[in-house]
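Given as structure tokens, the chain that follows is alone and in the form predicted alone.
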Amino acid sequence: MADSKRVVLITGGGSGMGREAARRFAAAGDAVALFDLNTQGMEETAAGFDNVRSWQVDVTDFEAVCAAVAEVETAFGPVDRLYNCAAIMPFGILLEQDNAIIHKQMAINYGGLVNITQAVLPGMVARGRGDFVSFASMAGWIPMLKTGAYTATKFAVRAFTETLHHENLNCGVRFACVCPPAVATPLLKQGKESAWPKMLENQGEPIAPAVVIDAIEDCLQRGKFFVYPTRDAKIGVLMRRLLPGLIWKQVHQVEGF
């Protein structure tokens, strides 16, 4: 790869936001490494590009993550940009949802971020450069009925990434915590097939993944930590801060319990 090109590592690269980001960076000539358990999905992501390679990695396994990161750096060089997109999103009422599913969401959505962070970020900090992008969600700001387990993981992602950012100020690494509303990716299918809240039906059509990527690039360039891809997302965060009781009142009215 030319020196001007970046090495981009993407978890959850087999579909959704990970695929959108991977194909965009690959088209720009960057070397792209994909981590996922979905090998077929990663093959589809990499189709047509000779600068994309995939690793079958369970992000909840710290040793496996570290070993795979070492292989990426041997193959491509040091990681310049990390996109942590790996996540699952089954919904359900907390007292009814399967215990193992609740724990699994935290292990992947939050634990996976912890693992990839400790495997990749120390090298970025030591080199004094890099882009660190984690995906929270509007669910990381606004809890709703039927989304408790998923929401808890995204609150954790937001808190972890914000603290991480402040612990590494002025180190040369750019941080972004992405907080989109519903995005048109296969992840939504998991929610819709489990316990889709009426509140989400009332929020209109999911936004395109490309809108999110554009917003990330803009915020990184402008030094903005929180990425809100839409005006409604910004308003939602403000409402949550100022009028949390009003939001809960609306949620109960819409859901009917």
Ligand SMILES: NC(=O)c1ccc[n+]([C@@H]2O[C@H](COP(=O)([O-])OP(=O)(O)OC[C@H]3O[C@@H](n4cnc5c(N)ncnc54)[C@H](O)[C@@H]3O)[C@@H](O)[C@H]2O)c1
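Quantities reported herein were computed from a predicted structural model and do not represent experimental measurements. Position 1 is the first residue in the sequence shown; the rest follow in order.
One more form of this protein should be noted, the form predicted together with the ligand, which is absent from this view; the next part is about it.
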Quick one: D58, Y150 and V183 and the ligand in the predicted bound form, is every residue within 4.5 Å by at least one heavy atom?
yes
Interface residue in the predicted bound form among I142, M124, V133, A136, criterion: non-hydrogen atom within 4.5 angstroms of the ligand:
A136
Among the candidate residues A176, L82, V72, A86, which is the single one with a non-hydrogen atom no more than 4.5 Å from the ligand in the predicted bound form?
A86
Which of 73-81, 159-167, 183-191, 95-103 lies within 4.5 Å of the ligand in the predicted bound form, heavy atoms considered? The stretch 183-191
Just to confirm, A210 within 4.5 Å of the ligand in the predicted bound form by heavy atoms?
no
Whether K146 contacts the ligand in the predicted bound form should be assessed with a 4.5 Å heavy atom distance threshold; does it?
no
Does any part of N38 reach within 4.5 Å of the ligand in the predicted bound form? Heavy atoms only, please.
yes
Check whether G16 has any heavy atom within 4.5 Å of a heavy atom of the ligand in the predicted bound form, and answer yes or no.
yes
